[in-house]
Every structure is written in structure tokens, then in C-alpha cells.
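For reference, the chain that follows is the form predicted alone, supplied as C-alpha cells.
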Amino acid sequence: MLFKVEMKVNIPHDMPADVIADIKAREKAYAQELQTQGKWRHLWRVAGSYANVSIFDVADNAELQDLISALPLFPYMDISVAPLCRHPSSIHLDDR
């Protein structure tokens, strides 16, 4: 199943810089691991914001919940999720 996931990050202003750096490093490693596995198919930054729009390719809602709730930045995110399906007018064969 494909899902569009929008994530907006809200790190507390009083969080120590070294803690933020550690969380961001773990977030990057985990996100890249999921991309390598093909679970996190697309990742785009939203210009002018600490946010992203992503496409996940997972078995079901439960797998998506497990993956995004394991993100190190998850406690500091506002997340919206929308399930996607192939559009009949798409010319791309990999739009599953």
C-alpha cells in the first residue's frame, strides 16, 4: 500500500544542541535504511519549512504506524497520512 505522509518537525527551542544533533543523526540513518529497503519510496523537503512530504510503500496501516512511530523525531512531529491508489490516467507502470 502506498501512503502520502506529511511530517512537520517542532523541536523544542530549549532542547540542548547536542541532543538535537544526536536525534537528527539517528533520524537520518533510520530514514536512509527505510529508503534502502524500499519502504520509504520518496522524500521531499518542503521549502521554507522544517517539514517533508514522503511516500511510503508498506504492507498495511499497522506497518506504516510501526515505521513512523520509530522515527527518532516522532515525538516532535505533526503528521498527516493519506492512503494512495493508482490513477487510471497515469503513464507510469510502477504506480502501485
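From 1 onward, residues are counted along the sequence shown. Since we're looking at a predicted model, the values are computed, not measured.
Same protein, other form: the form predicted in complex with a further copy of the same chain, not shown, and the subject of what follows.
At the 4.5 Å threshold, heavy atoms of Ala82 reach a further copy of the same chain in the predicted complex. The closest non-hydrogen atom of Ile20 lies beyond 4.5 Å of a further copy of the same chain in the predicted complex.
Ala62 belongs to the set of residues with a heavy atom inside 4.5 Å of a further copy of the same chain in the predicted complex. Put simply, Ala47 is close to a further copy of the same chain in the predicted complex: some heavy atom of it is within 4.5 Å.
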